[in-house]
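Quick heads-up: it's one chain on its own, the form predicted on its own, in structure tokens.
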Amino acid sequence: MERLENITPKRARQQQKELAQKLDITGRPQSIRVVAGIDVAYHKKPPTGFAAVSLLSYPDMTPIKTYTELDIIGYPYIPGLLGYREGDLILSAIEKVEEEVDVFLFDGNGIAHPRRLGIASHIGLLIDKPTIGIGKSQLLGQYKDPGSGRGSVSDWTDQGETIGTVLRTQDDTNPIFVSPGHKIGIKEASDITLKCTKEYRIPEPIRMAHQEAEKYKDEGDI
């Protein structure tokens, strides 16, 4: 498979449109025992990326193991092309995973993307696994504020198309933005995300991956 960092931005945008047609955003895995959160941290000089894939049991969220990878990031930051900037690094980290993971949660978006191929959708297609995108803020589209209680949701739409849900994970906190990546439906993605969220606003797999990526960034040497 061609490395994502070798694909020009112009070609990448066209490729995103083509790949988006292959997504399956219906249903959910029959059985979910293990979920994984994925996050990437950076050093600025040199542009070194540190990916963490944190595995937890579902639905009790007991940590299992974290896999990490670091490498030079050669692709520039271009809005909408995060999968090409971080994809090779994330795929290298996922290749280390020895356990069977049923759902991957990404610190990034799924179909909530101008060309309907955010990083969760892009990597989901490449690994052929159920993926969910978790955004901390609104990238695009429109929504009505959900109710103030934990579990309240509202539709997240863009150009008349439903692209995800706005989910309140804790009482009276800012919501998060959940979009299906691949092999999972909109409602199912929201339901699974809520079950992965315990004491904090951000789902435990994403929180753990973020903490591990930051730690690895501080300790890592390349």
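Note that the coordinates shown come from a computational prediction; the quantities given were computed from them, not determined experimentally. Counting begins at 1, following the sequence as shown.
What comes next is about the form predicted together with the DNA, which is not displayed.
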query	finding
Proximity to the DNA in the predicted complex (heavy atom, within 4.5 Å), stretch among 182-190, 35-43, 52-60, 158-166	35-43
Exercise: G141 in contact with the DNA in the predicted complex, heavy atom 4.5 Å	no
Contact test in the predicted complex: I73 vs the DNA, heavy atoms, 4.5 Å	no
In the predicted complex, G108 touching the DNA (heavy atom, 4.5 Å)	yes
Interface membership of S137, the DNA in the predicted complex, 4.5 Å heavy atom rule	yes
